[in-house]
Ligand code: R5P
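Have a look below at one chain only, the form predicted alone, in structure tokens format.
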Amino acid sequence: MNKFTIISGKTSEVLAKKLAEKLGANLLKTQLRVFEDGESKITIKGRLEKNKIIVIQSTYPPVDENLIQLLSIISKAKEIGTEVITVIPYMGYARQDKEFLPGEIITMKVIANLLKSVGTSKIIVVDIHSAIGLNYFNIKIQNVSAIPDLAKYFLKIKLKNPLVVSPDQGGKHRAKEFAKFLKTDFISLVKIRNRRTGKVEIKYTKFNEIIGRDLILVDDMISTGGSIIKATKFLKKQKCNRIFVACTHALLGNSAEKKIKKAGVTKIISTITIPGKTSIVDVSDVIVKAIL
């Protein structure tokens, strides 16, 4: 009998297959039917055994639908398995980790309670948007980094005096880690966002650090691409060379990829936490280490 059984939700089938191969685990897929009223009916294809079960499902859009499916799969796995480890490569709602304005609900706290209630004993996430969200979990949760794997990809590209750039101060540590792997330096732009209007301004003054260099804009996720587009236009004015974008989670809603490239980005590189055209970098190794 295999030590692990992996149940793959519909959002993470590629990553689930890679994990199964590396763990020598039995892989069970799920069959999904969505009714006209929006309800999901999930059937696990194959026989569940009394061993450790790994459930893997990203909760990217439609977030609520994929979250309910994840909770349902965990609940079924708990009925039979000796332990349920949940891998959520992309954790939806991670941006709602505190009460920014009076009356706002901290949805990340709600999600944490739901995941515990259905029976998971450990959760593994990849580059969660905010570490604050981890504090709401009363079960084991491990946040692993895709930065080493993303950086390795760029080591294969011939770059002209590369400079790693964080589009805001919040990503400063991420850019620093990325730059360390490339053995180069980094900068962080100052992004000022009006929380009521959503309008963003970028400020930076050390322009000599940018001129003529290939830039790698590093972020944990790209949703609509607004911040990346703003940063790209700003950096292009400073006479840089090519601009690449590296991110863990490429949501790329509202034609974001097209808009980002139109702004002047040469290429967007993301991981397979969310499947898509830019999803090139494999993060299964770091997830396997967390499981074992």
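Don't overthink the numbering: it's just position in the shown sequence, from 1. These numbers come from a predicted model, not from an experiment.
Note that the form predicted together with ligand R5P isn't included here; everything after this is about it.
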(request) Quick one: from Asn241, Asn51, Ser223, Gln238, grab the residue that has a heavy atom within 4.5 Å of ligand R5P in the predicted complex. (result) Ser223
(request) Let me know the one among Lys76, Lys191, Lys122, Lys109 whose heavy atoms come within 4.5 Å of ligand R5P in the predicted complex, would you? (result) Lys191
(message) Between ligand R5P and Lys160, Arg213 and Thr266, in the predicted complex, does every residue show a non-hydrogen atom at 4.5 Å or closer?
(response) no
(message) If contact means a heavy atom within 4.5 Å, which one of 137-145, 214-222, 181-189, 113-121 is the stretch that engages ligand R5P in the predicted complex?
(response) 214-222
(request) May I ask you to check whether Lys176 falls inside a 4.5 Å heavy atom distance of ligand R5P in the predicted complex? (result) no
(message) So, Asn26 and ligand R5P: in the predicted complex, are they within 4.5 Å at any heavy atom pair?
(response) no
(message) Can you tell me whether Ser227 touches ligand R5P? I mean in the predicted complex, with a 4.5 angstroms heavy atom cut-off.
(response) yes
(message) Even though the partner isn't displayed, in the predicted complex is Asp168 close enough to ligand R5P, meaning a heavy atom within 4.5 Å?
(response) yes
(request) Determine the residues of 119-148 with a heavy atom within 4.5 Å of ligand R5P in the predicted complex and present them in sequence order; the list may be empty. (result) His129
